[in-house]
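One chain follows as structure tokens, the form predicted on its own.
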Amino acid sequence: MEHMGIEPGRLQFSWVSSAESTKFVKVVNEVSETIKKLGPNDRFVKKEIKVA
């Protein structure tokens, strides 16, 4: 994914059973915190185009 501009940490996989609601909440919170710490991915932020 790095060659496409997606930084490590922005894409994560985890196996969670439907019976593991507590684990699901934990995984979502951990991934959310990781993404917040990384901040916006500048490669995919729209830039304002100035017309002369």
Partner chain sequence: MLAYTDRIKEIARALLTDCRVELVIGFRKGTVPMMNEPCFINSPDEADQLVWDSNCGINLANYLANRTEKIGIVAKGCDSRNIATHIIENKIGRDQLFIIGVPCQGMIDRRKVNAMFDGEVREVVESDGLVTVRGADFEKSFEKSELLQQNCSVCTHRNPVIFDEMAADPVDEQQGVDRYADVREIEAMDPQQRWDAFEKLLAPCIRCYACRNACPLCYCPTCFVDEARPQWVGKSQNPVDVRTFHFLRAYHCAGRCTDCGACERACPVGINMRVFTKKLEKDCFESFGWEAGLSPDVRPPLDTYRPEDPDDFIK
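Numbering follows the first chain given and starts at 1. These numbers were taken from a predicted model, which means no experiment stands behind them.
Keep in mind the form predicted in complex with the partner chain is missing from the figure; the text below concerns it.
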message = Would you classify S21 as touching the partner chain in the predicted bound form, given a 4.5 Å non-hydrogen atom cut-off?
response = no
ask   = Do E33 and the partner chain share at least one heavy atom pair within 4.5 Å in the predicted bound form?
value = no
key: Contact test in the predicted bound form: S17 vs the partner chain, heavy atoms, 4.5 Å   = no
ask   = Would K37 sit within 4.5 Å of the partner chain in the predicted bound form, counting heavy atoms only?
value = no
